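The chain below stands alone and is given in structure tokens; this is the form predicted alone.
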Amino acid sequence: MARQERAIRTRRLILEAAGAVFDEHGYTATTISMVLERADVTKGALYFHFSSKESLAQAVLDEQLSLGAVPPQPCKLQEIVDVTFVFGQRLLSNSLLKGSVRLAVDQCAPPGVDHSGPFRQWADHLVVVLEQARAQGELLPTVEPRQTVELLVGAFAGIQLMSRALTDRDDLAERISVLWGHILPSIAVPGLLTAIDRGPDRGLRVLATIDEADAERAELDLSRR
């Protein structure tokens, strides 16, 4: 068990280091040596988990969806709004997420690295939530979930790239708030517009709730041992 836990920690350490290096240098300029130096692990440890730079990049990309997870909300449109704010907030400090986003828009990645995957995965995930919103009567009758979600994913990708270029993402939360200010009136029933929280600090507040729940679970696990 201890060996398994150590292997899990080592794999995560390598992924986080790779995310940081891919974010800083892009796919082409990144080398395995850079990742080894950043992670401070041996070549054998890295190749135990990842067979190549391509497989390492793919693993970084595959982490993206889980890093946008948020607690379920009674209002499913609020839940989708929360996903964007939490994702944006984590982009400020999470090196693994930064690297995954850089790889997703890096057109130099080879065919063996599916940089389109996160776009499809996010669309598929959010369509399910938007369908739930429609079942609960939250959407205008003209809304087509797949088209709406693909517009949202594309718009979000664009504004975070613009925010990174202009302010190193310092204004990303404000830009997300503005994005929702334009999108929500075109998809939500009027009665919901004032109830949905799209304040620029929404990501911070949701993350605080997540951290508090994680701390409570950790304390409960310790008490059971």
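In this text, all values refer to a predicted model and were calculated from it rather than measured experimentally. Numbers follow the displayed sequence, beginning with 1.
Heads up, the form predicted together with a further copy of the same chain isn't pictured, but that's what we're talking about next.
**Student:** For the chain shown here without its partner, which stretch in 68 to 76, 115 to 123, 131 to 139, 81 to 89 has non-hydrogen atoms within 4.5 angstroms of a further copy of the same chain in the model of the complex?
**Tutor:** Checking each option against the 4.5 Å cut-off leaves 115 to 123.
**Student:** Is it true that M34, K43 and S93 each have at least one non-hydrogen atom within 4.5 Å of a further copy of the same chain in the model of the complex?
**Tutor:** Not a single residue of the candidate spot has a heavy atom within 4.5 Å of a further copy of the same chain in the model of the complex.
**Student:** Which listed residue (A39, L179, A173, A59) meets the criterion of a heavy atom within 4.5 Å of a further copy of the same chain in the model of the complex?
**Tutor:** Only one option qualifies, and that one is L179.
**Student:** I'd like to know whether H25 contacts a further copy of the same chain in the model of the complex, with contact meaning heavy atoms within 4.5 angstroms.
**Tutor:** Because a heavy atom of H25 falls inside 4.5 Å of a further copy of the same chain in the model of the complex, the answer is yes.
**Student:** Look up in the model of the complex whether L151 has a non-hydrogen atom within 4.5 angstroms of a further copy of the same chain, and give yes or no.
**Tutor:** L151 belongs to the contact set for a further copy of the same chain.
**Student:** Just to confirm, V189 within 4.5 Å of a further copy of the same chain in the model of the complex by heavy atoms?
**Tutor:** Output for V189 is no: heavy atoms all beyond 4.5 Å of a further copy of the same chain.
**Student:** At 4.5 Å between heavy atoms, is G158 in contact with a further copy of the same chain in the model of the complex?
**Tutor:** Judged by the heavy-atom cut-off of 4.5 Å, G158 is in contact with a further copy of the same chain in the model of the complex.
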